[in-house]
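Heads up, the chain below is alone and in the form predicted alone; it's given as structure tokens.
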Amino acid sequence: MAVRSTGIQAARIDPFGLFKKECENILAGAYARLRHDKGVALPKIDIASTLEDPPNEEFGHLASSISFELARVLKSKPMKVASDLSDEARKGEKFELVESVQPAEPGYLNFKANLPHLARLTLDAIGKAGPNYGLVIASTPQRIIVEHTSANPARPIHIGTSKNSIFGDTLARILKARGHMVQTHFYIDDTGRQVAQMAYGYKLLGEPAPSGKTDEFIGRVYSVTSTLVEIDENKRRLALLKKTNASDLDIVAVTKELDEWVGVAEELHSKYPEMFDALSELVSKEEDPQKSISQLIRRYEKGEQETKTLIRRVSQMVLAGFEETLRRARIHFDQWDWESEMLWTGRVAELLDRLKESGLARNRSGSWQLDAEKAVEDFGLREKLGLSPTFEVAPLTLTRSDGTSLYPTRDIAYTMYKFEWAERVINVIGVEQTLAQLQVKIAVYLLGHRKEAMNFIHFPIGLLVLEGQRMSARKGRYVTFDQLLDEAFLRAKQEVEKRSSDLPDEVKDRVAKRISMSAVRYAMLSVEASKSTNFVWDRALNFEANSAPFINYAYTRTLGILKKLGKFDRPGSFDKLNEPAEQNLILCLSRFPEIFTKSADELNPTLLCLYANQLAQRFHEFYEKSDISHVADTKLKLQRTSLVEASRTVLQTVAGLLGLELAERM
């Protein structure tokens, strides 16, 4: 079991996994002997599934619940079965990583690890593999596309979308570390109404050179234009209703909506008076703004050159701002894909023809719809897709009555395009898109791409709000990702000032920059992606628990100790690390490969956040209780120093997977 190996071999070692495997083998042997001794037919049991973490490590490091299942068959008490299994376990081969197997009320079988042996296996592997420790390579690496962010190029990235960006980027980092070939893609939605409204307003203004950050300038154009167009449209609707003697209820509803948009207009006028006044005058002179915008959409879909030049130019301005913002958060993309290309290359037209030929598409007053529910029944997809017997999949509208395609149709074509390279496609998109993503999956399946459909994954992102604030990008009520990062930097710098006022200003800025960016990423990643997140500053920048600063503080403590002690020789054994704080830290380090593998295979970055927080917590406890500098026992000093070095290495690795940038001083 001793590991004196190359760095590559050491990187693949899963110390706690080896302990767990030995527990499985011991349990399997004990169970087989018990079956023989009892002389009765006992059921086959998945031994691994019975092993779990006990509520308290004083009971053991793994516990099995197998006795409860066997007790029903043997008509015996679980505690009696646990005792019998414990006796049988001692008759087997000599343990290596398992120190003891003990029954415990009301019927569990508790396994304790041989901690000196586990410590040597773990710390030797970390020493050999360095930053690659725990990054277990998948047995069958895949080509994977992670598509994320994909914000409309009509305004800056706001904090709601930033959660999508951070989870998508982190997924890509984890999957790459697992050995997969990963590409990150940004899908530019340049054919929708929002982009057309933006381009319409920009053209009315005479296509001016942006002042300030490009995406922020164009975002103002979009919000003001959208608001003015909505006011104009509601005024037209209200006039028509009054002219046709419509019901008071309809008139009241439109009046209420008009009043809401007038309120939005007042807000925007107070923020951007010059731009608002200019656009207000220009829009008022237009015969029918909505009609002009619809014409822009149709001309762009057809690839009309003047319109194409206008919309591409404005979109590129916004995308340049996106890239600038995303770089601040350590996010980049391998490829930017234009939605319009799906139209201009004929992919959407070809897709529509194939869907019409499938017999599952219907023409409804000129609009084509896909009968997704019938597709589910015809292809027997209900169980494969995990749909309940009562769930009915809504029809998917493929085209408008004027023949122009809709976003989901283009998304199907784009999905097929991505599978030309990838074996697995992961779409990191809002939870509200769950139905649309399901419909895309069904469409891909009925087109004959069954394997691809099953490897098409929607990774849902829940709502994010900043300390309870609701936002509306369309109405100009939003907090940008840049504003979030700016505020995080200011708050982090205040904390650095309080803790290290003697540092040079440039060092304070560098430290605050790293802490703030990492704090934002961690605060989002630490809550499961599909859940709603309320971003709270006091939690994000908490130096005491469950935050990036808390993890960073553990890292800087490791650096301080190692710098003070200087070079040291790695010990050959770790038999003196007997204090609870030391053993808890060793156990935590030993579990990193298992946690990393699970996080990658289950697409769950939050598991790594929980692990990073636990490792930091365990290290802080070790730091407070275990003296290193003044200990007289040289062997103990070396063993504790190795434990510090291993902690630093794993903290740095897990931080890198999460996209955190650790500061060396705080």
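In case it trips you up, residue 1 is the first one in the sequence shown, and so on. Not measured: the values here are computed from a predicted model. For the two forms, the rigid core is made up of the largest set of C-alpha atoms that agree within 1.5 Å on superposition.
The following text describes the form predicted together with the RNA, which does not appear among the structures shown.
Using a 4.5 Å heavy atom cut-off, which residue among Y445, Y553, F217, F459 comes into contact with the RNA in the predicted complex?
Only one listed residue qualifies here, and that residue is Y553.
Which residue among K77, K531, K243, R327 has a heavy atom within 4.5 angstroms of the RNA in the predicted complex?
Here the answer is residue option K531.
Y407: heavy atom within 4.5 Å of the RNA in the predicted complex?
Y407 belongs to the contact set for the RNA.
When the contact criterion is heavy atoms within 4.5 Å, does H332 count as touching the RNA in the predicted complex?
So H332 does not count as contacting the RNA.
May I ask you to check whether P55 falls inside a 4.5 Å heavy atom distance of the RNA in the predicted complex?
It does: once the RNA is placed as it appears in the predicted complex, P55 has a heavy atom within 4.5 Å of it.
Using a 4.5 Å heavy atom cut-off, state whether L662 contacts the RNA in the predicted complex.
Output for L662 is no: heavy atoms all beyond 4.5 Å of the RNA.
Since the chain is shown here on its own, which stretch among 86-94, 104-112, 284-292, 128-136 would lie within 4.5 Å of the RNA in the predicted complex, judged by heavy atoms?
It is the stretch 104-112.
Only counting heavy atoms and a 4.5 Å limit, does any residue of 360-391 reach the RNA in the predicted complex, and if so which ones?
R364, S365, S367, Q369, S388, T390, F391 sit within 4.5 Å of the partner.
Core-aligned, does S284 move its Cα 2 Å or more between the shown form and the other one?
Result for S284: no, shift under 2 Å.
Quick one: once the rigid core is lined up, does S501 have its C-alpha move by 2 Å or more between the shown form and the other one?
Superposed on the core, S501 moves its C-alpha 2 Å or more between the shown form and the other one.
For N114, does the CA position differ by 2 Å or more between the shown form and the other one when the superposition is done on the rigid core?
False for N114: its C-alpha shift is below 2 Å.
Just to spell it out: taking the C-alpha atom of I159 and the C-alpha atom of N542, is that distance smaller or larger in the predicted complex than in the structure shown here, given it changes by 3 Å or more?
Nearer in the predicted complex, by 3 Å or more.
Please say whether the CA atoms of F543 and I159 come closer or move farther apart in the predicted complex, knowing the change relative to this form is 3 Å or more.
Relative to the displayed form, F543 and I159 draw closer in the predicted complex - a change of at least 3 Å between their C-alphas.
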